[in-house]
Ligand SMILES: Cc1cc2nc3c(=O)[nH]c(=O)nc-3n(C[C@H](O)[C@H](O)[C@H](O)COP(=O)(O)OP(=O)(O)OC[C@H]3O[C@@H](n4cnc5c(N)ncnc54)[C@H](O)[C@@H]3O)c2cc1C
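Next comes just one chain, in structure tokens: the form predicted alone.
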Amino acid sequence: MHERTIILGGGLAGLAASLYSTAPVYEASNKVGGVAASDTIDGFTFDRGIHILQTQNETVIKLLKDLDVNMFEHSRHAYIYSFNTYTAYPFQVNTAGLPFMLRARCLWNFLNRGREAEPDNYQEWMYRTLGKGFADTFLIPYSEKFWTVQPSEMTFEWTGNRVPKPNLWQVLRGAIWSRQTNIGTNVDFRYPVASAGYGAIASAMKKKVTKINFQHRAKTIHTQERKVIFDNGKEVSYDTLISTLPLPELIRICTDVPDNVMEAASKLHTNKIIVVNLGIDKPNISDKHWVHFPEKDVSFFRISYPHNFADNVTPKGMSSISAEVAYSGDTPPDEEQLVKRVINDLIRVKALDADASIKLTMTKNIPYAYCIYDKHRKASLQIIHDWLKSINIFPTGRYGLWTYFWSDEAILSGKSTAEKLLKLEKTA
């Protein structure tokens, strides 16, 4: 079989690329969405890690409207658990409930920030931008848990609107009295009304895609012949290939890869996440959306309460918790033991009653989670992308571009790649 263009991967970027190009999608699993998919069991729906739509991009908003994806609109109820206290997010403007000397240190360091040399890494950026107090108390320990690498090993080009940067008045006010302050990009956000959870977005996109081939995992890409062999034995030749696969996986299955490209791919890293999901036989166990946990003696870096995103993702009269645990290396933690530890930690931080009736537990391992911005990333991407372009393979999405995309940005990247290829075809 021959196709002018094919798309590998049925996540949001791949689906968007297909919507705007009509090219067929080849997806390894039996459902769409990738990390933006959701899983339903016994009436409980869980996303694969917390997912919300926080975009103001009119193109994305119009697309979802055209796809009939109805959305709840929420105002953020997010917190940080530190020093045995729940503090409103962001930490930088809500320290009033913390020990006085800690608040004084954070405020003093914030007042005196910016005297350091120009930053060379993420840790130095935190010191210079927010002060050593906030960095040492929350940002650095949370970063270590979340990214699984030292912030001194990371660059800071990704920070942009990802890390809230308050002004002096906001910091001072938050140190004197506690109140949630509307700073950051996710103050207001949207979430699908459908019981399918966040995965409803991918499901709606799927209905408009011309053709999706499920359970087609690419096994080998013959780069000279421009042919993909799938693990089910099917072969498809192409003129152009759009890939949303993680770059290390894409390079691994390509033939005739230059040594420098192989080496570059080996230098790309992500953190990995196991999501521990609990269904609780009790209504409204919390009114929070999510909570960050920077302290090392707590297993998870973040928990969320899916029942507060949509009222139909749990059976009536029940609640749910998703706890995200990051890990590095090739061997994930023992999931049975991890579930026990997560439950114990939830009880210890008073997020779950000790006598709570847990109706369901399930885990989801995400081996490619957030792409790590280390000193090797930029140069490695240049080498890989240049080679792929020379053989008519166009990567897109979070893992194809190896970037810190939110879901709206993944959709836009798939759209952009499709439109770029259509333009090239017209001028060819």
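Treat the numbers as computed from the prediction; the structure is a model and nothing was measured. In case it trips you up, residue 1 is the first one in the sequence shown, and so on.
There is also a form predicted in complex with this ligand; it is not shown, and the following applies to it.
This ligand is not shown here, but in the predicted complex it comes within 4.5 Å of a heavy atom of residue 51. At the 4.5 Å threshold, heavy atoms of residue 12 reach this ligand in the predicted complex. Residue contact with this ligand in the predicted complex: residue 304 places no heavy atom within 4.5 Å of it. Although the partner is absent here, residue 369 lies within 4.5 Å of this ligand in the predicted complex, judged by heavy atoms. Taken together, 140, 143 and 268 are entirely out of contact with this ligand in the predicted complex: none brings a heavy atom within 4.5 Å. This chain appears without its partner; in the predicted complex, the one residue of 217, 227, 341, 77 with a heavy atom within 4.5 Å of this ligand is 217.
Just one of 122, 293, 198, 134 comes within 4.5 Å of this ligand in the predicted complex, counting any heavy atom, and that one is 198. Partner proximity in the predicted complex, defined as non-hydrogen atoms within 4.5 angstroms of this ligand, places exactly one of 356 to 364, 393 to 401, 59 to 67, 375 to 383 at the interface: 393 to 401. Residues are counted as partner-facing when one of their heavy atoms sits within 4.5 Å of this ligand in the predicted complex; in 309 to 325 only 324 qualifies.
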